[in-house]
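The chain below stands alone and is given in structure tokens; this is the form predicted on its own.
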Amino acid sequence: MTDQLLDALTRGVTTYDLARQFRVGMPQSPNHPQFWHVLPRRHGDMVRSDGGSAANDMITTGTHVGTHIDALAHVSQDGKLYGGSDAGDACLGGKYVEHGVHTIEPMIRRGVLVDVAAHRGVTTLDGGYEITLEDFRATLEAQGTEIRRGDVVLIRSGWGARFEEGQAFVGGATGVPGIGEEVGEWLAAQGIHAAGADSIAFECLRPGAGHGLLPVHRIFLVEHGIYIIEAMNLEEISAARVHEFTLVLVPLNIFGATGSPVRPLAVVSGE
């Protein structure tokens, strides 16, 4: 019996890398430990008798820096996690046994890009701009795409174009564009599996407010069990005007962690 997936690969596919490259000093939320990379051994530090040499690395990082996914254990509300689990009881021996990132199954799902910035004809939405449900639906209609149950929905505000600007991407003073409760509730009602964005905290951050209030995190992670992917690179896929694709995403299998770095890929047929 012929495997249709292998047939598609044989005919050729195009892959878009939706992740940011991990580098020391990259912009991140001030709430999380930074990424750090060093070389304890460099070529020449130890040379074998035959002249060969090897180098190696060590990294330390928070699990919520760079392009990453939030596990359901990341956020609680009034002491409860998704499904009503007690947030304190869920942490055993310093690990979130229940709803930790190790419970996220690999994702091979239909992905949808909702390119709000492109629809509005701007490079990036203004800092602090809340994407309305009218914006969202108008973008979907213009693209000719729809949201289906089980989808992974990626929202482009254009803010990712500022990633290389460092602190400007964090947007402390300016705020950061993104969806608010209105679109969050609507997406949850559609039964999506996960959602991602090209900004630092996925949702709208008001100027000067920082990460003090994150209502969409509550709606998705606590109330509906929807995973959140942050700091995505959506520029290339936007330029290619690819709005529907196969999304491939696998978190690191870290037992009890509240999140994980990821390298999501958008795959479409054709070369």
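One rule holds for the numbers: they count along the sequence shown, beginning at 1. Owing to the predicted nature of the structure, the values given are computational and were not obtained by experimental measurement.
Here the subject shifts to the form predicted together with a further copy of the same chain, a form of this protein not shown in this document.
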*Pick from 173 to 181, 137 to 145, 187 to 195, 83 to 91: which stretch has non-hydrogen atoms within 4.5 Å of a further copy of the same chain in the predicted bound form?*
83 to 91
*Would you please decide whether residue 66 lies within 4.5 angstroms of a further copy of the same chain in the predicted bound form, comparing each non-hydrogen atom pair?*
no
_Touches a further copy of the same chain in the predicted bound form: residue 32 (any heavy atom, 4.5 Å)_ = yes
*Find out whether any non-hydrogen atom of residue 76 is located within 4.5 angstroms of a further copy of the same chain in the predicted bound form, and reply yes or no.*
yes
*Is residue 239 one of the residues lying within 4.5 Å of a further copy of the same chain in the predicted bound form, judged by heavy atom distances?*
no
*Can you name the residues of 109 to 132 that have a non-hydrogen atom within 4.5 angstroms of a further copy of the same chain in the predicted bound form?*
109, 110
